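Only one chain is included here, represented as structure tokens and corresponding to the form predicted on its own.
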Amino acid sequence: MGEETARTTCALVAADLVKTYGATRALDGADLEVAAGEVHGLVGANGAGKSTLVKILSGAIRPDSGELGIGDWQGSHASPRQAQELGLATIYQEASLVPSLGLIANVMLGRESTRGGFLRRRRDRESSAEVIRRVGLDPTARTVAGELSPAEQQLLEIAKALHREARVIIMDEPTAALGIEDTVRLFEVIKGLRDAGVSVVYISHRLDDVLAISDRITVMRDGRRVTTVEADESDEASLVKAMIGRALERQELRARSRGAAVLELRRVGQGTRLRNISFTLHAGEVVGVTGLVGSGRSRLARVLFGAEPFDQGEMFLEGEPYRPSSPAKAIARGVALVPEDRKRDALLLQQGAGKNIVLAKMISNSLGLLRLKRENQEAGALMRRLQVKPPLPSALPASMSGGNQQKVSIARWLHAEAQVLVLDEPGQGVDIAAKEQIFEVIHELAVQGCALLVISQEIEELQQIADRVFVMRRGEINAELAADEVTEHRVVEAAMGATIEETVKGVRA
């Protein structure tokens, strides 16, 4: 932002907020101050209090004590409706759009104008079309929200906020499911909002994104604000140190040997969505898979796990034909999947973590009765090994942070002793300390002889853990890179046929 005059006006203030849940103090005197017309990054490890703070700001929950300020309003609590009327909008990671409605209908939902009891449809179309165009979407497109890409859904959420005349927009993990091109596009829209005087609170575990888009950054730890820094005077290492209270020491994870071939694909295809997929995965090997959203990487994972069929080619597991008709068949053969959307596809959120962990391999006695005590003992041991917080088999995943949910998902397959483990975006929505722990577990599994396929759009993650990387494009493996060949430019060129500079130039044109 740069101009000190703009910093003199506060758009959003939280002062000394406290919120407790039983014996847990989620916020312990938290502070946040956002200037008018700035992008303010908000970072912290899982469990630092970011989500609780956002819920209080948006009116979803009431603090035990503390003060809030939204524009000229001051008080201890604003209801969700009042917060919206004061000009605050929150865009969560899970879109709040109605999938079956079009763009204009989603923007206008609940705000339709009337005269004499009749809807003023023409006026609604004109006002909503203006903000839809402002974020770079086409209001005349004959499509529904459910058909939009993740990036387009984010932009439509921003259009909704603008139509409600929001002066402060909170964005929670806005780029979690976006590739490079879509992230650049979103950043251009965010910069446009800032230039128009709208304040943006940008929450993300992607510290490079936070540094790139923010003017200032607030770091939270243990329910408090640790520091607020100028983005251009900070770096990833200093943010990590503030987040976890120490410098992060990354371990060298590649010192392992490759064993015998475990899984082989020969020209596997699924209509036009997957084509000519051929590779061999060995015991003790970590192979990365990357590519743009829609490149086929997650579809490949579902085919390997028996969640989707393939209609071309062959697969072999330890030399035997492998054609799983369901995930249960895949699990029986020792193939497992940690899916991209853990809340929807992996976890029973309202069942205990222990039950989630033993789900794939129920332990029975000779009478076929569940041995609950032994299950809890084994689940508890795995939770302690993965440093799940809290390490209690009775703890509900619904109340856990994203990083701890991911650890529970992985613990299930440690318990089942999976032979082939596919992990789809294992670091998504996970703070940097938890991510390092997950990577160490991946390395340990490889050392023990497990064959792992790790799907990620984070190139830095693959550089850290993969022995080699497949880059997918339009349903095919377009390139195979050795570990020392994995660079951002090489991956982008293989995924898009263009360099990063060309991609950014094309988006801005």
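Numbers follow the displayed sequence, beginning with 1. In this text, the rigid core denotes the largest set of C-alpha atoms whose superposition between the two forms falls within 1.5 Å. Every value quoted in this text rests on a predicted model; they were computed, and no experiment measured them.
In what follows, reference is made to the form predicted in complex with a small molecule, a form of this protein that is not presented.
Engineer: Tell me, out of 47, 59, 37, 475, which residue has a non-hydrogen atom within 4.5 angstroms of the small molecule in the predicted complex.
Structural biologist: By the 4.5 Å criterion, the partner-contacting residue is 47.
Engineer: Only one of 334, 87, 306, 402 has a non-hydrogen atom within 4.5 angstroms of the small molecule in the predicted complex; which is it?
Structural biologist: Selected option: 402.
Engineer: Given that the partner is absent here, does residue 285 sit within 4.5 Å of the small molecule in the predicted complex, heavy atoms only?
Structural biologist: Judged by the heavy-atom cut-off of 4.5 Å, residue 285 is well away from the small molecule in the predicted complex.
Engineer: Is there a non-hydrogen atom of residue 24 within 4.5 angstroms of a non-hydrogen atom of the small molecule in the predicted complex?
Structural biologist: Residue 24: contacts the small molecule in the predicted complex.
Engineer: Mark residue 160 yes when one of its heavy atoms lies within 4.5 Å of a heavy atom of the small molecule in the predicted complex, and no otherwise.
Structural biologist: Flag for residue 160 set to no.
Engineer: Under a 4.5 Å heavy atom criterion, is residue 424 part of the interface with the small molecule in the predicted complex?
Structural biologist: No, residue 424 is distant from the partner.
Engineer: Exactly one stretch in 447-455, 65-73, 51-59, 464-472 has heavy atoms within 4.5 Å of the small molecule in the predicted complex; which is it?
Structural biologist: Only one stretch qualifies here: 51-59.
Engineer: Is it true that 173, 205 and 389, all three, sit within 4.5 Å of the small molecule in the predicted complex, judged by heavy atoms?
Structural biologist: Checking in the predicted complex: 173, 205 and 389 are all within 4.5 Å of the small molecule.
Engineer: Once you overlay the rigid core, does the Cα of residue 389 travel 2 Å or further between this form and the one not shown?
Structural biologist: Yes; that C-alpha moves by at least 2 Å between this form and the one not shown.
Engineer: Can you confirm the direction of the Cα distance change for residue 402 and residue 461 in the predicted complex, closer or farther than in this form, given it is 3 Å or more?
Structural biologist: Farther: residue 402 and residue 461 separate by 3 Å or more in the predicted complex.
Engineer: Explain in one word, closer or farther, how the Cα atoms of residue 451 and residue 402 are placed in the predicted complex relative to this form, where the distance changes by 3 Å or more.
Structural biologist: It is farther: in the predicted complex, the C-alpha atoms of residue 451 and residue 402 lie at least 3 Å more apart than they do here.
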